[in-house]
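Below, in C-alpha cells: the form predicted alone, a single chain.
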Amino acid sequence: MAKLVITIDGPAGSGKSSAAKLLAARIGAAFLDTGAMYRAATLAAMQNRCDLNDIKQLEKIIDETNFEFEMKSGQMAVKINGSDITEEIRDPQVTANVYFIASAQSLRERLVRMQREIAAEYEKIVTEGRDQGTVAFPDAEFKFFLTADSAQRAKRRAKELTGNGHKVDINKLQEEIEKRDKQDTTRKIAPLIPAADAKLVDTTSLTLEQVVEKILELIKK
C-alpha cells in the first residue's frame, strides 16, 4: 500500500475529481480516478450487450476484460482490451448505467481490489470516489468529503459535457444528479456517506483552487 493515501469522496459534480487531480499535482502524488474505473466496467458491459441486471454476466465480463488504468500527466488514461476509451466513458448513457455496477457487492469488491492493487504501486496517492474513505482505504491518513448544492453541481457537469460536444438540458441534468444522489446514498452496499473521520468541505461557492487550498490547510493542521 502507498505510504500516504488521501481520499476524497463526494457526489457527482462536487468537484472531487478536479480537486483530487490538482491536489495530487501539488504534492507530487499519483491520482486515482475510481469513477473512471466504474465507468470502464459499465462500458465493457454495454459493449458486450450484457443484461445489466444479470450480476453473473457482469462478473464474467469484469473478470475476462483486460482493463488498463494508466496515470500520466495528471490524467487517468483508460483502456479496454487495448483500446483507449478515456473519452467514451464520459458519455451520458454510460453515466446513467454506472448504477448497475455500483450497486452490486461482488462487482464493487472486484473494483476495490483493483484500486488497492494500483495504490500499492505508488508512494503517495490521492484517490477519489464514493467509498474511498469508508471501504477502499478505511485507514487512509487523510479523508475528505466534498459537497455542493445540486444546482451548482448541474452547472459544473453541463460545462464539462458541452465542452466535450454534448447537448445538455440543465434542468434534466439536475434531476438526474439528484436521482443519482438518492441511489448512491440509499443503496445497501457501500452507500455514499462521509467516513466518520472525514473532513467535510462545501464547494458550492469555492473555486477549484480554493477547494485545494482548503484541503491543504486542513492537512497541515
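All values reported here derive from a predicted model rather than from experimental measurement. Start at 1 and count along the sequence shown; that's the residue number.
There is another form of this protein, the form predicted in complex with a small molecule, and it is not shown here; the text below is about that form.
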**Request:** Identify whether the small molecule in the model of the complex is within 4.5 Å of every residue in the set Y38, V98 and A102, based on non-hydrogen atoms.
**Result:** yes
**Item:** Options 163-171, 29-37, 43-51, 57-65; stretch whose heavy atom lies within 4.5 Å of the small molecule in the model of the complex
**Value:** 29-37
**Message:** Under a 4.5 Å heavy atom criterion, is R157 part of the interface with the small molecule in the model of the complex?
**Reply:** yes
**Prompt:** Should D184 be counted as a contact of the small molecule in the model of the complex, where contact means heavy atoms within 4.5 Å?
**Reply:** yes
**Message:** My question is simply whether R130 lines the interface with the small molecule in the model of the complex - judged by any non-hydrogen atom within 4.5 Å.
**Reply:** yes
**Request:** Decide whether R110 counts as a contact residue for the small molecule in the model of the complex under a heavy atom distance cut-off of 4.5 Å.
**Result:** no
